[in-house]
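In structure tokens, one chain follows: the form predicted on its own.
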Amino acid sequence: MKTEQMQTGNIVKPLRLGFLGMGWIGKNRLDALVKHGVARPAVISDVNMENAMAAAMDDTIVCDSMEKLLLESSSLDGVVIATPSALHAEQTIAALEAGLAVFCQKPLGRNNGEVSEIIETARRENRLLGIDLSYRFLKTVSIVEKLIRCGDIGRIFAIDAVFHNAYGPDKPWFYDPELSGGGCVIDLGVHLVDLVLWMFDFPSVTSIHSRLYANGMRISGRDKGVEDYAAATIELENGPLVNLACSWKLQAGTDAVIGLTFYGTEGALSIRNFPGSFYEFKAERYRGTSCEILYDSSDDWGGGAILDWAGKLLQGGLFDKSVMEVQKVTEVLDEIYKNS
């Protein structure tokens, strides 16, 4: 189905999408699209048929493999992929080559080689490719980004970026580096790296120094298991020094510690969760010892990235070169592992 055919007068028909993977994330993103009336699940595929059936609507085709889903490709506008990381490259490339736009969970690939191949396929096939970098859609991020871009706190020279999760993934594949591509860095650090690079228009990175730990012991690279704690210092060209830390299962005294603080010559800006929540965030501005709260509330942001992708798909679904930015994010992640 051609996306252009869905617009008749002022009426826009919902996108017909295939959904591959119906775990918590896949179901959450499906619900966001249905809630806003922009898409319906035409096909749902999951190896767990109970999950697939539970998410299906009256006219949804349910199957248990990517191959069966792609048999319906001529009637689909795109595919949403929320499967284990090791499958992302193969499945995304297959869907793009079948003529479908794709929205994929992060990480898009386990390393920059996979990511580059996926993006080149999207470019060659001229199909829209989106990645679930959802934290870009926090209201607090929007507020702070605008203030940074207008020079509100002067020249920014340092950034503290943290994402500590008191819990760890509940699926065994996360702990196999061959399947996951890494631990907390590729799972949580990807959001921090993406936000920092995005807010500064993806500057060059001049150096990276990092340390990885598993169960309190230092490890090197991706060969000795997956890290549950990581720290890195990232130097941006003509820009600030980034101090990054992320972890799984940290003894943090709360569910999560998430934050970005930007230090400038005329003040500081901060985005941080409260009170230990994954869903409530504050935006604050600091001047000396004073603190001004700019935003302080829960934020229905989880579906932001997929709704943005769906909007672009409704406009034609052709390749959007901004997706190439994720290669720079992946290059930084690869260097964090390499330099540990």
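Keep in mind the model is a prediction, meaning the values are calculated, not measured. Note that residue numbering begins at 1 and tracks the sequence as displayed.
Form predicted together with a small molecule: not shown, discussed below.
None of the heavy atoms of residue 240 is located within 4.5 Å of the small molecule in the predicted complex. Not displayed here, the small molecule is kept clear of residue 259 by more than 4.5 Å at the level of heavy atoms in the predicted complex. Among heavy atoms of residue 174, some come within 4.5 Å of the small molecule in the predicted complex.
Although the partner is absent here, residue 273 is not a contact residue: none of its heavy atoms lies within 4.5 angstroms of the small molecule in the predicted complex. Contact annotation: of the candidates 87, 71, 166, 148, the single residue with a non-hydrogen atom within 4.5 angstroms of the small molecule in the predicted complex is 87. With the partner omitted from this view, the residue of 291, 34, 57, 47 that lies near the small molecule in the predicted complex is 47 [heavy atom within 4.5 Å]. You can rule out all but one of 260-268, 207-215, 112-120, 130-138: in the predicted complex, only 130-138 has residues with a heavy atom within 4.5 Å of the small molecule.
Highlighted residues 20, 51 and 105: every one comes within 4.5 Å of the small molecule in the predicted complex, counting any heavy atom.
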